[in-house]
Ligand code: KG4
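Take a look at this single chain in structure tokens; it is the form predicted alone.
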């Protein structure tokens, strides 16, 4: 079976053609980082405009590279939720148009589900496993018992980890996106500033990062700080929290398999520390390749294929929503 997958949940325009037998046949992605750089963050209206501008040229490029005939597709996969609603509407409309033109069924995919299954593009994970999703818009822990069976364990009560990185970078005047910049500077600095680790000692899988961001602001406003050392201190605080909550999730569930996914899983310090953590505490660790960590259409294609095999087909008039909880989506579309 063959699918075309469409991903436009935020500021990456991505398409993929995927086969259940041969895997990824072709994949194209266009980042909008340069468009949003002057604003220090994502501007939803600009993001939607860029998706509208780029989808057709990207599809043309993908078809030329793969020599796939769209008439040979079995269905169209697309991100239904969550994300920037304007961006989701553009992607859904594009997917609907292709499906209508070639008389193909539509299969909706949850963006977080895509991230959870991104490691499966490299190797399968035995069920059950715990998924730590860390991205610009999400910081959540889920128990994954099977495809479509998700239990929310806990997550951030305020800022997502990736959002905290971007806001911290903005406070220090480092530019956008903040994650890669802080990660690089942190490697050149020392963790010498006494920053808080909110909720780290609580017997709860919830997290909070807004207080950490406020503490960074105080250091910046005091003047005379080192950007390298403050980056290292901030990143160390974030990783301490993520490590502690992940270990607590393993302890509470008894499940010793952990997948760390989402854009922040590309962070070099996260990868180093979680590898050491898995070796110390003897649990299986799965982190996708860098190109699969950030938003991409390959993960949407994989999740879409799994849903199609289970008989999931969306009505032609389906519309995206900004945020359907993953566990609710799993029950609705299974």
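Numbering follows the first chain given and starts at 1. Owing to the predicted nature of the structure, the values given are computational and were not obtained by experimental measurement.
The same protein also exists as the form predicted in complex with this ligand; that form is not shown, yet it is the one meant from here on.
This ligand is not shown here, and in the predicted complex it never comes within 4.5 Å of any heavy atom of residue 78.
Interface residue remark: residue 229 is not counted as part of the site for this ligand in the predicted complex, having no heavy atom within 4.5 Å. The shortest heavy atom separation between residue 163 and this ligand in the predicted complex is within 4.5 Å.
A residue is said to contact a partner when one of its heavy atoms sits within 4.5 Å of a partner heavy atom; residue 243 fails this definition for this ligand in the predicted complex, lying far away. Of the candidate stretches 209-217, 151-159, 258-266, 87-95, only 258-266 has residues with heavy atoms within 4.5 Å of this ligand in the predicted complex. Site residues 111, 136 and 294 are all in contact with this ligand in the predicted complex, judged by any heavy atom within 4.5 Å. For the candidate set 105, 128, 180, 196, a heavy atom within 4.5 Å of this ligand in the predicted complex is found for exactly one residue, namely 180. Counting a residue when any of its non-hydrogen atoms is within 4.5 Å of this ligand in the predicted complex, there are no hits in 207-227.
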